[in-house]
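Coming up is one lone chain in structure tokens, specifically the form predicted alone.
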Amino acid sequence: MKDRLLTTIDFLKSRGVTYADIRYVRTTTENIKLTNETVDTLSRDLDQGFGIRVLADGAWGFASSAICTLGEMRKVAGRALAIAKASALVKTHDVTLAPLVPATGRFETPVTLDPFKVPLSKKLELLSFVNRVLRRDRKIQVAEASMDFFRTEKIFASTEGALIEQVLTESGAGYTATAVDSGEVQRRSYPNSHRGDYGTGGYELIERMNLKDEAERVREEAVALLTAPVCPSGSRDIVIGASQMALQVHESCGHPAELDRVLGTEVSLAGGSFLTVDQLGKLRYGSRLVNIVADATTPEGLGTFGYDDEGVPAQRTDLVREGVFVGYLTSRETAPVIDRTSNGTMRADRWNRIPLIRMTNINLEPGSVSFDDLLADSDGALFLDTNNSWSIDDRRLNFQFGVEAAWEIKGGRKGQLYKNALYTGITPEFWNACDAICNRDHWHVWGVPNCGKGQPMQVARVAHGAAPARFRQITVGVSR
């Protein structure tokens, strides 16, 4: 395959293109889901093909195919070149790429237990056990448990001389209990909502999740929520659990820091951003405790890889340092706008999509306090846990998040349980209200397997390191 890619690159060089790259991508996916002890999803899919980007006459062209012969690659290369030349007829400016030392190398996700070699019977037994435990109360009307595994093999070559091979393995699992009684519906999830938690690695990640050990607690909390009082509204101190903090980072920092969104070249799905370039290095985004980084090298993060889909090495970049907004997620095309080089965030959803700026691991760095000490210092605050819903405006400023459960903190412990809790805020005001973040003992990298962006829609797998954190005087509301 490498020879075919390099021959195609030579062909494009002979046609005088400014730049071109070719990606071969082969993806294996396994999805398993049990609902009420019945298998409702069981699939293993294989998908492969290649995509070619060409920069000619100052404009991009892209074409792709699932037929991976040399003849097809040459034909598709010609089509991408023709599209670039046609695009140049309506360009507003020439595309300029940030300089890059072309890389040659190989990256492979460290894997202890290959998830595609673990017997299906073992996976089904685990999910069935969880289903049975969740359904031991008749009020649990729906018990869902799932596992997903991905293996992506990539070869990238460019006219600049890059030649990179990668094998990325990703694993995840989770479950949800939905309780129903007297017209009330409540749910609890583990280890996170929206199909659970994910990371780069093998089946060892699933074994570390302790899925069996938490099922009884999840069932009991789902049932308890049915009769719990509605969360009182008002202005309250809140302590947000780590998994909900991950989504908070995703929506109110990760997306607004995408430089293509800021520049208006990608706004079709979720709008623009309040983090305009005039605020770089100036905006007080949060309190001095708030440090947020984009780190594609985080061990086991779902946004961890060796190189992005432009061949830029994985790296760590400050986005917010001591509360000041200092960095964007960039590509080779957008980085020159702010006089920087790419920090390696361009990724495509499979072979037939052009790369976009995507989050890697956008991590809220840990603070210094233990979770027990934080609760002991937060009498009267609410502890909010596990995302249930979210809404944010198209500049990523005004947001509302609902959570599965809330507890009033009394005497350093979680006390009264509340249902239907939500909180709202304006992004910089919210982050400036942060006055405590738990230490690394409580920090975890939460995988988000379904981040959507682009038109046509592309799905990316990203992650967020986060620990529980406290915010002062946040508006807390209720929903029914």
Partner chain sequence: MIGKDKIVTLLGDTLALKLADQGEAVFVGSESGLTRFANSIIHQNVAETQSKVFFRVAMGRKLGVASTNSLSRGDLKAAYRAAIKIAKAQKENPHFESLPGPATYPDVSTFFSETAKFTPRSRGLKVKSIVQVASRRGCTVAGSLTTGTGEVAVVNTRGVAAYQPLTSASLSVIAMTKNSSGYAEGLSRDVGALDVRAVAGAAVDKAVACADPETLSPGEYEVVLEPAAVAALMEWVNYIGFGSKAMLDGTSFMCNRIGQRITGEEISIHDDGTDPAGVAMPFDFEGVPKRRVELITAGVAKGVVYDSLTASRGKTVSTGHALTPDSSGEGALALNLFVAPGDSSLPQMIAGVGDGLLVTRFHYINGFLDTPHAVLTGMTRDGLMRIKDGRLQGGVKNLRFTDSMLRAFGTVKALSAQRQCINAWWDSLGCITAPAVHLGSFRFSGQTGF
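Numbering follows the first chain given and starts at 1. Nothing here was measured: the structure is a model prediction, and the numbers come from that model.
Quick note: we don't show the form predicted in complex with the partner chain, though the next part is all about it.
Contact here is defined as any heavy atom lying within 4.5 Å of the partner chain in the predicted complex, and by that definition each of L120, L124 and L356 is a contact residue.
For the options G105, G271, P336, P110, the residue carrying a heavy atom within 4.5 angstroms of the partner chain in the predicted complex is G271. Interface residue among L283, V267, V167, A224 relative to the partner chain in the predicted complex, by the heavy atom within 4.5 Å criterion: V267.
Just one listed stretch, out of 169-177, 366-374, 84-92, 150-158, contacts the partner chain in the predicted complex at the 4.5 Å heavy atom level, and that stretch is 84-92. Using a 4.5 Å cutoff between non-hydrogen atoms, A98 does not count as a contact of the partner chain in the predicted complex. Among residues of the shown chain, G380 is not one whose heavy atoms approach the partner chain to within 4.5 Å in the predicted complex. Heavy atoms of G61 reach within 4.5 Å of the partner chain in the predicted complex, making it an interface residue. Taking the partner from elsewhere, T41 is found to have a heavy atom lying within 4.5 Å of the partner chain in the predicted complex. Of all the residues from 185-203, those having a non-hydrogen atom no more than 4.5 Å from the partner chain in the predicted complex are V185, R187.
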